[in-house]
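Just the one chain here, laid out as structure tokens, in the form predicted alone.
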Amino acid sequence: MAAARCAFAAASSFFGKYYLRRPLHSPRLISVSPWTCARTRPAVSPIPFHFSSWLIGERASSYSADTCNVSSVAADGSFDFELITIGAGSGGVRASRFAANLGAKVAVVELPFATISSDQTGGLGGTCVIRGCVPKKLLVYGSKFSHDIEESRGFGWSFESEPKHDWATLIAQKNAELRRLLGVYKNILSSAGVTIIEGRGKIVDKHTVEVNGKKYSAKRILLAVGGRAVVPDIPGKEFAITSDEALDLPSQPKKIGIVGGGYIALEFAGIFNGLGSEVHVFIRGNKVLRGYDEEIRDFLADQMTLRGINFHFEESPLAIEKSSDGLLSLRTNKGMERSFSHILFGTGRRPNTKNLGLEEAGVGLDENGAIVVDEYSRTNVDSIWAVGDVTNRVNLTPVALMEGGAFARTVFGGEDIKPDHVNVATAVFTQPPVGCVGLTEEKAIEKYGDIDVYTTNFRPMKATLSGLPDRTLMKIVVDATTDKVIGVHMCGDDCPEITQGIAIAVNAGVTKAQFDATVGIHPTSAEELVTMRTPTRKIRLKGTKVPEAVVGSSQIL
């Protein structure tokens, strides 16, 4: 049979141009790829060609033409499950629940719950719920009260003594909420009829997963194992903590060094600064938030500095040293900063693909260890799929949810849905927070050439009485040729909430004229987005004909 399957691969060159219009999940189909059994093949093959199983026989659906290794499937071609998902984070739970609701027999494999992840611990809900978005946002809320108290003084509030914060209470309350959410996720899966298998899952072959020494077979396997925080390999790295530990420390840091300029590092800088810790942020480059709009990057750094955060730009960590009194020192390319109670590395995360059996199963990985998938989230092994951070596409919880839903609806629901990673709105819960959707000014220039940029930098109403130096920056990027809004970026109070609504408009393709025709809500910061009438600058690089009102030369006007 293996030889027969290899022979059919050659036939694909003849049938390759004929794509039969049927969903990828269709029963009694066999997938034939031009790279079948080849020693060298692309990491991801195109969507395979589908041929009715009667061309080969009734048992064809139990085999794959994408590999010459026969799977460990029961003699009658049956499986324990139609889908086994490894990883019960956002993407895994969404995919498993949707698949079960569509009639599939589904199991999900997840490690036992713990607030700090390891090779032996995880928990239903995954990174976002246990050691990411949810607990982080709870700590952001807790840390913001110090700023609220400062603001209140300008509104007539006074306090007989300075308010005090108890770290232990915050962490206990946070952990109680995590345990509640653990029960919610368990109920969501159970109510959908999903079997929960606790333990570490490992792929044995393309249709088999082993958990705690027991093997389970599945027609399809979905990998949704997420990522893990990493610490660079420098002397003394064992003294550092990551975001996992930072969310569950037994005591609040008195002085903390945070390495990294991305959103994780900056969010924790805001949290600990708001709670009263002395915060130093060490950044290899000369700006925060690489990849975000340049004006937003500069504005945020200025606002965070005004709130008391100490930035050390163009400083790379070389070593961590621990003194006899237990305090830590961070040695960088520019010198030594001493007396830290904690040093946190927020320098990135890595796909959690080690010891999953992927190499043995032939699943393609990129140079960073991420699982390579096609536009439908399928790997080069036709029965194995992957969604979420483990694929290192757009590493955000809502994106993992979208990918998981698209997978289930395509494979089990008869639809043809590809995850859409264009114009994904994002928020950074710094203090002040950032919200954005669409292209940055820099990327818009690269793509369109001719753009108009509208900006406003203002003092919000609350700051007029509080007396604090808080400001808000809002920015709209417009394609000058079509008047279409192609990017919106903002930094200031409530900006993430505003961005969610604006994202709908940007994805709908609205024009700047439609923004202008919208009646604002007064008094709000958000109304600024519909009252910016005059471009701050016009950029003309392509020399294309644009509406008369915005005609300019091939330069920044």
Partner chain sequence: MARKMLVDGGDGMEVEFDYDLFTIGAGSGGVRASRMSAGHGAKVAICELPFHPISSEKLGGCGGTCVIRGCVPKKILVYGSSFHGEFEDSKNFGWDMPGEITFDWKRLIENKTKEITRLNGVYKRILANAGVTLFEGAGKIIDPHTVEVHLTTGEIKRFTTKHILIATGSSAVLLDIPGFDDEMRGVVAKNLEGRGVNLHPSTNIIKIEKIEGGLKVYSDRGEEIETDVVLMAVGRKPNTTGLNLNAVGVELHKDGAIKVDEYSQTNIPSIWAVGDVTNRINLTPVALMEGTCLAKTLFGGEKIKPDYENVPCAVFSIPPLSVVGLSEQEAVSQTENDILVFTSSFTPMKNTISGRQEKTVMKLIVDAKTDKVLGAAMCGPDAPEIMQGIAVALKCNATKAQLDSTVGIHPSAAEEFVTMRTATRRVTPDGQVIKV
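Predicted, not measured: the structure shown is a model, and the values here were computed from it. Numbering follows the first chain given and starts at 1.
Keep in mind the form predicted together with the partner chain is missing from the figure; the text below concerns it.
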| query | finding |
| --- | --- |
| Stretch in contact in the predicted bound form with the partner chain, which is absent here, among 115-123, 354-362, 280-288, 397-405 (heavy atoms within 4.5 Å) | 397-405 |
| 249, 318, 275, 182 - the one with a heavy atom within 4.5 Å of the partner chain in the predicted bound form | 275 |
| Heavy atom within 4.5 Å of the partner chain in the predicted bound form - the one residue of 228, 137, 307, 237 that qualifies | 137 |
| The partner chain contact at residue 429 in the predicted bound form, heavy atom, 4.5 Å | yes |
| The partner chain contact at residue 339 in the predicted bound form, heavy atom, 4.5 Å | no |
| Touches the partner chain in the predicted bound form: residue 324 (any heavy atom, 4.5 Å) | no |
| 4.5 Å heavy atom contact, residue 424 to the partner chain in the predicted bound form | yes |
| Within 4.5 Å of the partner chain in the predicted bound form: residues from 500-519 (heavy atom criterion) | 500, 501, 502, 503, 504, 505, 507, 508, 510, 514, 515, 517, 518, 519 |
